[in-house]
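One chain is shown next in structure tokens, namely the form predicted on its own.
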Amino acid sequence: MPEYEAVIGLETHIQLNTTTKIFCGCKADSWFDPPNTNICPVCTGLPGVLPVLNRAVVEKAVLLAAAMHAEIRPVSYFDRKNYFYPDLPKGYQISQFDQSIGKGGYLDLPIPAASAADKQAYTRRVSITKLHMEEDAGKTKNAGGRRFVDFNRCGVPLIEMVTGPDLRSADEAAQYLIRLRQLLRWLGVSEADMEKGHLRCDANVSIRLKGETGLNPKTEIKNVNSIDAVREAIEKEIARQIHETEAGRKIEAWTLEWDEDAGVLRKMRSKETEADYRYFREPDLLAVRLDDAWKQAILRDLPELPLERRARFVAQYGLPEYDADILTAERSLSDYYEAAVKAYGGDPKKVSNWLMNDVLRMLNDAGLKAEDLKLTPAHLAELLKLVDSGKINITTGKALLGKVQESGKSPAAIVEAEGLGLVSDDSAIRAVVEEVLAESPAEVASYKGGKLTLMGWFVGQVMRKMRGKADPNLARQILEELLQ
């Protein structure tokens, strides 16, 4: 049987998190609003109204274009994309066509190895062929045998971004969406929540024989609202196209709808081409002129990007790639880690261990992000110094995390107020050790008979009786002395 490879390109619509819509003063995010309550004459396309461009939309588009390594055009234009659909009240969508805000660009995509025995990790460069601003359409819904239209989403600002046919598997497509979502949140330009429609994805899929370079007819998969669903839908479409090709049938350029509940693809219509939309320049909007001063003011807010910071954490702090990947998943967590390392001044890996094993668990349990913590980076650094100095043990340190988060007080203040410091008094620990040995004659006999692993059990008993406050090293020394 011939060996095939998939050729995949993704079209993403990114809802920008501006306060108002792209061409009017209506609230942009209307996810929780009742239908048709967040609309005005402009976004519903009533006769005689004129759109006014939202400056914040341009600024967020420029930030994203810069992060995607795109050329930022100093002059760009809006165009009318003409088509008729119930949720498009004007009969056209204001978009950008040949002179968009961004030109070209790419995203380097680290692809992890599937397993230790499988192929090695690699990087896939995904090119960007379109990056432009546009307004969203409304939303239609079937209920009770009738079709309803909600115009709340009309005029919500979007960035449409289209990749080249560079992805080669459903897993690569999923990784692209994961990295794009991370980048959007990192930049602060979108909430990128697929379930709420902040990030929507259509997938263009075709197949060809391995070793070929041409492009075959593609199908477009629409209405996919999760990364897992994108992966599943693409896998099923690849399998369908291989089956059809092997059966001697041609692949037709269909638009397919993904049915989330049934987990199947259904044909919606034949696929449109750009000519079907009859683009022409938008007569009611001036050109967007991005002078150098405005551009530089926007780019001052461009942060170090997540993949760059990931690489720097490995090089500068000696972190394993696994740690660096987790610590740069969110910008706030990444900033928290770096501030804690600076305040601590000790081993960066130790800070990473405490963050990943304990602080992240606390965040996940409470549904918080790093910026929501009362446990500041300075508090974490202070706690680690208390452990390093022997003033508290690790068990007490882990318990302190929750106490600091609950109260906002410093670890040292809580240790002082609650008497949580280690007991290092020889006579106090010796008395408890003698008590443990007197209560455990069988264990003492076993230890003296050669079962030296019982030492850990004895230390544990001392720690339990002293509520974790005993200096474990001193307890061990006294035990070894008395068990001679």
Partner chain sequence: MSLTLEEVEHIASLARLELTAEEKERYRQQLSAILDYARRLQEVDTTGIPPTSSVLPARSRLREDRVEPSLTPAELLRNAPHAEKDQFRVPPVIE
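Computed from a predicted structure; not experimentally measured. Numbering follows the first chain given and starts at 1.
Another form exists, predicted in complex with the partner chain; not displayed. Remarks below refer to it.
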Open item on the list: Taking any heavy atom pair closer than or equal to 4.5 Å as contact, tell me whether Gly460 reaches the partner chain in the predicted complex.
Closed with: no
- [ ] State yes or no: in the predicted complex, is some non-hydrogen atom of Gly421 no more than 4.5 angstroms from a non-hydrogen atom of the partner chain?
- [x] no
Task: 4.5 angstroms heavy atom contact with the partner chain in the predicted complex for Glu308 - done: no
- [ ] Look up in the predicted complex whether Ala67 has a non-hydrogen atom within 4.5 angstroms of the partner chain, and give yes or no.
- [x] no
- [ ] Choose one stretch from 286-294, 339-347, 104-112, 379-387: the one whose residues place a heavy atom within 4.5 angstroms of the partner chain in the predicted complex.
- [x] 286-294
TODO: Check each of Ala431, Val52, Ala445, Ala438 and return the one that places a heavy atom within 4.5 angstroms of the partner chain in the predicted complex.
DONE: Val52
Open item on the list: On the criterion of a non-hydrogen atom at 4.5 angstroms or closer, are Phe97, Tyr176 and Gly263 all touching the partner chain in the predicted complex?
Closed with: no
- [ ] Using the arrangement in the predicted complex, list in sequence order the residues of 353-387 with any heavy atom within 4.5 angstroms of the partner chain.
- [x] none
